[in-house]
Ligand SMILES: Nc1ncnc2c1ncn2[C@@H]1O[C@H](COP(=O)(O)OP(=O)(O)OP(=O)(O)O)[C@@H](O)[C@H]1O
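Before any questions on how it binds or moves, here is one chain, the form predicted on its own, in structure tokens.
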């Protein structure tokens, strides 16, 4: 494994008025150029972990531990210092794409201004990058560039939002259920481009998903999260075929068979029945 880009040590997130922590003593590491999967059912703390990295947690929450990005503890940075890292260094693609764009400004103008805010480029250069990433998302680039968000379908706006994040080529990209609003083919195109960008730029990717098939296919390592804790981690093969924790067994038992994996799934189901 190459040098760690992000290391989370003993992360705890709790509210003032609740005795049980939302995230409890979480440890996680992402190397440069690595794609990890963070899986678990809804409400287990996956998105909360991402928001802790981004310093986007509500003010009533207490955060303890360390979040080291390039050996700098993000929890020790001022709001202004942290904000400078977002977008260019640490990118996020949210599941809720609707807040990514201002409704009454054209998509292309917003993408171009975002690129210019982080990179010293001319309008012509920024426009070319914007059109290129829109094309990579499988969109009619010129039409989407000239459109307002309300003139596009939800899936098109989602892909445009993903294009805007990828245009900055961050060192760490956090993908929070990025394909939820997309059809299968559009989702595959998006994930293919993220993989292409990872190989070209060496960025690290944290894929937050409840789709185990996606995690098996795309990631280098998988962390399994239950009730705010990491209960198991390993390579996709280990998590899929040689898991140990009862919760992981239940998750894997819910996955439909992939081509050539009927025996694995049947074996998993037998294990679940024996818990």
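Positions refer to the first chain, counted from 1. This one's a predicted model, so the numbers in the text were calculated from it and none came from an experiment.
The same protein also has a form predicted in complex with this ligand, omitted here; what follows describes it.
Could you confirm whether residue 37 comes within 4.5 Å of this ligand in the model of the complex, counting heavy atoms only?
Looking in the model of the complex, residue contacts with this ligand do not include residue 37, since no heavy atom lies within 4.5 Å.
Heavy atom of residue 41 within 4.5 Å of this ligand in the model of the complex
Yes, residue 41 lies within 4.5 Å of this ligand in the model of the complex.
May I ask you to check whether residue 48 falls inside a 4.5 Å heavy atom distance of this ligand in the model of the complex?
Judged by the heavy-atom cut-off of 4.5 Å, residue 48 is in contact with this ligand in the model of the complex.
Would residue 24 count as touching this ligand in the model of the complex under a 4.5 Å heavy atom rule?
Close contact is absent here: in the model of the complex, residue 24 is far from this ligand, nothing within 4.5 Å, heavy atoms only.
Contact assignment for this ligand in the model of the complex, among 201, 116, 95, 151, heavy atom within 4.5 Å
Checked against the cut-off, the match is 95.
Pick from 221, 218, 249, 210: which residue has any heavy atom within 4.5 angstroms of this ligand in the model of the complex?
That would be 210.
Does any residue in 2-17 get within 4.5 Å of this ligand in the model of the complex, counting heavy atoms only, and if so which ones?
Only a single residue, 15, comes within 4.5 Å of the partner.
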